[in-house]
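What follows is one chain in structure tokens, specifically the form predicted alone.
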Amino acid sequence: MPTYWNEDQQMLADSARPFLADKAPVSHLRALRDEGNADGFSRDLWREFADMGFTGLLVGEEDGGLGLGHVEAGVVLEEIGRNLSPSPFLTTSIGAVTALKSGSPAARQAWLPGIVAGETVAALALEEGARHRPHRVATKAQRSGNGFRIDGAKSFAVQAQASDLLIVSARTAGGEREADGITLFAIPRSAPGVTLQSEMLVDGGHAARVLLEGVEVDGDAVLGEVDRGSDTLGHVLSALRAGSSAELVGLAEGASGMTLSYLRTRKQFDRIIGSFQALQHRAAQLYCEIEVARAATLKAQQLLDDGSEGAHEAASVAKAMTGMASALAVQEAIQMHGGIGMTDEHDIGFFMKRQRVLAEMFGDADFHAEALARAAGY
């Protein structure tokens, strides 16, 4: 597999880069945060995502989308990360679309056209604890009539307060920590029995605790197979991990680029500080770490598009490596900027805040290192 984009993917990058740099730079995020925007993103901008074709990248042509793959989605996510552009692209166009592909024709018809049109926002309600443990599911779904009755609580559902659709994992069989017995459901945010407790995150985004009390859904709400949702959940998580890895690569490049610009202009003792060899070595190491993380991410995306059995492991490798590389990028950025990097007035701090949130989502570097070690028999 090539470790670079093909001509079509490069053309997509050439259209995404100026669009996001113009429409949603860091100043756009700052403005939304300062005004206390309840959604945490611009709905007008989300509709412009649709006009650009971004929202339907992963949606099949039979459902009105472009039928492209995770590599193409990653191209857009890199630019989102580079500009810290607030949007529901990761949760909606990656996570929810991957889950809905396992749904019934009725479920796909109910939700995918709205996603493609930029009218529908989806959130993922998959977590129940303080740490990423997606297979620890206590929320219960019991058969009721032609469907299910769902009761439970989910945590850290990003952008749930602005969503129209919730992708929820619930237990239809087995014990709380068993991988078997999980089923995924597509639940309207407005369904009776759904309530939210939303809070702003450190990066200016929003996440909610989702309470489900006697929520009734019909059989068409099931995504994948009843009791065997761990397979669908695995595909969704791998797509999200590869996608968030691409965003972390873009974020690391954005922070690195801002830092290099500073090194080339900031003077101390009548010398450009970038002329000091110690800083040049640190910048060179950072460049290498980002490029290795980018290669791991592209590998995961390609394996996902090929339907390879190694995609899940590759997604964990990518998430771990991008988590570490992006952490290095923002730490170096703050250190090299010195005191001004600690101020809210300077944009570099936004990169650190977004990195801390994104690195935790769908498993941090330690989570994936442990998962890979266990898979290798350690």
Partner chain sequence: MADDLAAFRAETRAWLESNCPPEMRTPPRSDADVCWGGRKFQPSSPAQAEWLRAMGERGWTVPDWPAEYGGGGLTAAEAKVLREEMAALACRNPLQSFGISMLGPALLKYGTEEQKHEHLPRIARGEIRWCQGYSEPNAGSDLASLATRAEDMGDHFIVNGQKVWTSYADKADMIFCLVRTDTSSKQGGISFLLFDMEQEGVSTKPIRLISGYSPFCETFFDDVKVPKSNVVGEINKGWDVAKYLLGHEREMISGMGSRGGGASVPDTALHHLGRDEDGRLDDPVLRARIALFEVRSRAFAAMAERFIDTLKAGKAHAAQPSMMKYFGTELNKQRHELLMAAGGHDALEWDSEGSNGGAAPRAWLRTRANSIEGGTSEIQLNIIAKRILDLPGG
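Positions refer to the first chain, counted from 1. Computed from a predicted model, the values in this text were never measured in an experiment.
Only in words, not in the display: the form predicted together with its partner chain, which the text now covers.
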Quiz item: in the model of the complex, do Arg133, Ser275 and Gln280 all put a heavy atom within 4.5 Å of its partner chain?
Solution: yes
Quiz item: Is there a non-hydrogen atom of Lys23 within 4.5 angstroms of a non-hydrogen atom of its partner chain in the model of the complex?
Solution: no
Quiz item: Might Gln335 be said to contact its partner chain in the model of the complex, defining contact as any heavy atom within 4.5 Å?
Solution: yes
Practice problem: Please run the contact check for Gly65 against its partner chain in the model of the complex: heavy atoms, 4.5 angstroms, yes or no? | Solution: no
Quiz prompt | Interface membership of Val317, its partner chain in the model of the complex, 4.5 Å heavy atom rule | solution = yes
Quiz item: Among 116-124, 98-106, 261-269, 228-236, which stretch has residues with heavy atoms no more than 4.5 Å from its partner chain in the model of the complex?
Solution: 261-269
Practice problem: Let me know the one among Gly175, Gly214, Gly129, Gly307 whose heavy atoms come within 4.5 Å of its partner chain in the model of the complex, would you? | Solution: Gly129
Quiz item: What residues in 359-378 sit within 4.5 Å of its partner chain in the model of the complex, counting heavy atoms only?
Solution: Glu360, Ala365, Asp366, Ala369, Glu370, Leu372, Ala373, Arg374, Gly377, Tyr378
